[in-house]
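Below you'll find only one chain, the form predicted alone, shown as structure tokens.
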Amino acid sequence: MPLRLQRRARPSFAMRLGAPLLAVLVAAVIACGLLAASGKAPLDGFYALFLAPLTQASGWADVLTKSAPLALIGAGLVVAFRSRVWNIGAQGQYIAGAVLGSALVVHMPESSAGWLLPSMIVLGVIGGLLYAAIPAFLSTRFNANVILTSLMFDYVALAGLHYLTFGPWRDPSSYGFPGSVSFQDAASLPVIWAHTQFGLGAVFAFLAAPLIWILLRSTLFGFQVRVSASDEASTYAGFSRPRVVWMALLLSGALAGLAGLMQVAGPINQLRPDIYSEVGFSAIIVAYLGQLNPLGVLPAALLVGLFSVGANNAQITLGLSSSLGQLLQGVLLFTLLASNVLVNYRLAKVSS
């Protein structure tokens, strides 16, 4: 008997929880199909992608380290997206925070002052915040599309990063390789898991999601974010839409900038042109996989981080493409969007 989509009387809470799980399951099945099509044993590929990184402590540390900036940026994007402010520029804001936060080290490479690292953190936040202020101004002043302006400035930030790391900020002793001077201990976040890259910055990143959850549930701004999902309710409540746009973009930009600083002052300890590329775009998937819930961002970030580490492991052990992780993220996004249809619709039989 043929089926059709029928709108539900109200969104399904069960499907809201089940849609991400269904999306992950479908993405895993598709991944096995892709492995089989490439001539690899699906079970071997599944093990290399999803299980092998979790069989050793170092693998867990790598997953947590990869997940931390995703959780931090994703928590900020939840605020923006729930405000109907479509900030696609987290990648550029991430780069802006990394660049501005690194400026002190580049110009004072030998400094061991105690104020150096706190100042870098503040500059990282300011860098992301200011870069997000550009699309906020263009939107509220000229009604420019936030999606287009924030996305376009991603590429401006990337071009600026390449200019600096290949040009005036390149380490003179690097034998021509792009990148700034290596950060001294005074400019680096301490490692808290010995013999790994998992540091204090990652711990702070994972704390952002519960703090954002509290912000959305217990503050006036959080109430404005929830109400702004409806134009009529927002107008009735007397909230200023431009103010919500500014606040949402500045907050998400600040967290993205902080993530950029924590990356260069943590696992990398250097400003390089490849500072975990595409993390800002991956964080968009994390935000939606977490169903735009700050607490849901945490398991979503861990899953996407596992994809990244697993793809690297599959490249080494099975000779698969290094782009496999990004391919799986794209598959996961599309399966999630398809699964989310069942939140508001259900399959119903068509009577003859």
Partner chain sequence: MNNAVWISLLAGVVVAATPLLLAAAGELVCERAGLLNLGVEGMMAVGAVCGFIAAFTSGNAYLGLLAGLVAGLLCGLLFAWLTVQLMADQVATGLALTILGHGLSGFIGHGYAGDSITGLPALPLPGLSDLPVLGPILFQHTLPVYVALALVFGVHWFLSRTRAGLTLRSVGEDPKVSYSLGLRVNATRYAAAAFGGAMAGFAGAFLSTSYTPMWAEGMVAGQGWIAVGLVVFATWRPLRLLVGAWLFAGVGIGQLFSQAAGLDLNTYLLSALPYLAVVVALVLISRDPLRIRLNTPASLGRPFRAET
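Here the structure is a predicted model, which means the values were calculated and not measured. Residue numbers count along the first chain shown, from 1.
Form predicted in complex with the partner chain: not shown, discussed below.
- Think of it this way: in the predicted bound form, the partner chain has a heavy atom of just one of 148, 122, 203, 104 within 4.5 Å, and the residue is 148.
- Distance criterion of 4.5 Å from any heavy atom to the partner chain in the predicted bound form singles out 285 from the list 303, 311, 285, 64.
- Site residues 48, 184 and 213 are none of them in contact with the partner chain in the predicted bound form, judged by any heavy atom within 4.5 Å.
- When contacts are judged by a 4.5 Å heavy atom cut-off, residue 15 does not count as touching the partner chain in the predicted bound form.
- Although the partner is absent here, residue 327 lies within 4.5 Å of the partner chain in the predicted bound form, judged by heavy atoms.
- Taking non-hydrogen atoms only, residue 341 approaches the partner chain to within 4.5 angstroms in the predicted bound form.
- Residue 153 belongs to the set of residues with a heavy atom inside 4.5 Å of the partner chain in the predicted bound form.
- Stretch 277 to 285 is the contacting one of 245 to 253, 92 to 100, 277 to 285, 260 to 268, since its residues have non-hydrogen atoms within 4.5 Å of the partner chain in the predicted bound form.
- Residues 138, 142, 143 are the ones in 129 to 143 with at least one heavy atom within 4.5 Å of the partner chain in the predicted bound form, listed in sequence order.
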